[in-house]
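Quick heads-up: it's one chain on its own, the form predicted on its own, in structure tokens.
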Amino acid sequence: MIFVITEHRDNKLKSITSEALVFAQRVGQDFGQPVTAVVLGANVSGLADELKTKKIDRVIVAEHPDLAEYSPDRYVEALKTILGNEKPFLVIVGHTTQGMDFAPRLSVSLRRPLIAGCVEYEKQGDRLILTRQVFNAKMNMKTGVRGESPYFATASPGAFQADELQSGGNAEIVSVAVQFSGPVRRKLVERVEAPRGMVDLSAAPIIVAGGRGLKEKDNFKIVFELAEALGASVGASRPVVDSEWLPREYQVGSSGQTVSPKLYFAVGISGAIQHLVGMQTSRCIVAINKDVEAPIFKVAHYGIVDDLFKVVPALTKIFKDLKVS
């Protein structure tokens, strides 16, 4: 069995759950293993009903008042009970802040290996080989799992495309009872959302990102204008954030957000490896830069070598005209 530990917020599944399920479906097909989604929470029957329509075999639901808000202690305790009864082959968790909070605790408590930040896998005979990127994605490292299962893996955001998730299933929903002992050592005190328009770039379908090629803060308005014409979100490279042109919430890269939109515009971004790590899995990358040698062109699907101050307003006008027509 392959288990996917789902991630949700405000009774909505996060995109990383779909990506992890794609990972699970592929491994399950290659290794002949059924796929099970695990939902922890309170009043999450709606999420279970949504998941049962995917091409998976089961949905395990564990509901308890203590699971209404995420708690690493409660997640680990609940999952140890579930995994102890089920004994799966592979457990997949999203490589997110939440996933990397509880997954290492869980794997250590069960004395099982964890391979973090997986971007691919392969089958060598009956052996599972997991690939993760190291040194800011300059190298791939392949790791063979061994010993007694379950094995734990976190799926790197953007490595598996959410829109490739197979549907058309009618999975069985199984409810399990969980009990907890001892106090919760960490409680949610307050949740502070990022200002509107800056929220969760990782889920944005279209992103227009600007770099220091824009020269100064006031020039960033052309990026916002293009984004508005496209119905897109706005991102930025680290130099932009370091120069305080935009808040940290906009940053894309190894020290910012990892994104994988359907369309990514890189405006005046040279393409330092730290930035590429955060956006190179985008489905379509359009780079606009007057430097033909800029590293961004190595990952771009389409490149425009010209002055961005001419190109971006022209593109904005085209997209606005298309909306009108």
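Throughout, rigid core stands for the largest set of C-alpha atoms superposing within 1.5 Å between the two forms. Note that this is a predicted model, so its numbers are computed, not measured. Numbering starts at 1 and runs along the sequence shown.
Another form, the form predicted together with a small molecule, is not on view; read the next lines as being about it.
In the model of the complex, S254 approaches the small molecule with a heavy atom inside 4.5 Å. For R112, no non-hydrogen atom is located within 4.5 Å of the small molecule in the model of the complex, even though that partner is not displayed. Put simply, A37 is far from the small molecule in the model of the complex: not one heavy atom of it is within 4.5 Å.
Although the partner is absent here, D291 is a contact residue: one of its heavy atoms lies within 4.5 angstroms of the small molecule in the model of the complex. The partner is absent here, but in the model of the complex a heavy atom of A272, alone among L263, A272, V299, L67, sits within 4.5 Å of the small molecule. Look at 164-172, 72-80, 119-127, 238-246: in the model of the complex, residues with non-hydrogen atoms within 4.5 angstroms of the small molecule sit in 238-246. Superposition of the core reveals a Cα shift of less than 2 Å for A42 between this form and the one not shown.
Shown in the overlay between this form and the one not shown, fitted on the rigid core, is a CA shift at E69 smaller than 2 Å. V178 shows a C-alpha shift below 2 Å between this form and the one not shown [criterion: core-superposed Cα displacement of 2 Å].
Annotation: G158/F297 CA-CA distance shorter in the model of the complex than in the displayed model, change of at least 3 Å. In contrast to the form presented, in the model of the complex the C-alpha positions of P157 and L276 draw closer by 3 Å or more.
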